[in-house]
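Only one chain is shown below, in structure tokens, and it's the form predicted on its own.
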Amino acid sequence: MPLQRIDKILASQNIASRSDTKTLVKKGLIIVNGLTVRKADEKYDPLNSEIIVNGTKVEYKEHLYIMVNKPKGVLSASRDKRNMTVTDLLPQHLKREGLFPAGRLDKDTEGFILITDDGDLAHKMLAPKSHVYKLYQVICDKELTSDDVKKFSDGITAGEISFLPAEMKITGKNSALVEICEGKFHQIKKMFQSIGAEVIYLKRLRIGEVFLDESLSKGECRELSNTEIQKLLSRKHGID
């Protein structure tokens, strides 16, 4: 990683703005590798430097990966003038510039949405050719049959849009688990409409091999572990 200005490093970690960093420097409150920082534009390697601000060691993270249990009524967006967005749900210590939802869930859909500032990982996770599967819980207004399961496994065409084969496991009279590796607009709803059903409840349960942490209440979030971050890009699929 190239060297970065200390004010940029602290701003990226949501520790201090660039102007606040100048104040901290003047007061001698920033120490890097045992030496007091004298100028806010001094450069360091953030991954291999010990940075202490006002007595507290900085745990530098190049990127954030945050699991959010999205509730209904919240937009999958970074910002919106009228509605609450998934980034509005983040606690202050997890907020930083550049965060965005990797993919989207409809406003009335619940469940696992990833918020990150790692554009490369998000692209790999969302690209259909990566075959990263997402698992959904679905309740519809129609009794589901083995014929519906076959239609999903064969691949569905809805109007001019075609969807890749998907796995459906019926879990109740009108409920199912569905796994897809695409993320087309209103995809699950359109697939069910093609078999004559309307989706009345939809929740994402898993991305790759990472399941939604059911200990998170609606609207709550937590950072992913390093192991979970790697599992986001897993190609393994199948409904257990």
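Because the structure is a prediction, the values reported are computed rather than measured. Just count from 1 along the sequence shown to find any residue number.
FYI, the form predicted together with uracil isn't displayed, but the following is about it.
At a distance threshold of 4.5 angstroms between non-hydrogen atoms, residue 189 is in contact with uracil in the predicted bound form. Proximity of residue 67 to uracil in the predicted bound form falls outside the 4.5 Å heavy atom cutoff. For residue 106, a non-hydrogen atom is located within 4.5 Å of uracil in the predicted bound form, even though that partner is not displayed. Residue contact with uracil in the predicted bound form: residue 112 places no heavy atom within 4.5 Å of it. Heavy atoms within 4.5 Å of uracil in the predicted bound form are found in one stretch of 98-106, 165-173, 85-93, 116-124, which is 98-106.
Contact with uracil in the predicted bound form, defined as a heavy atom within 4.5 Å, holds for exactly one of 40, 32, 202, 197, namely 202. Residues of 119-139 placing a heavy atom within 4.5 Å of uracil in the predicted bound form: 136 alone.
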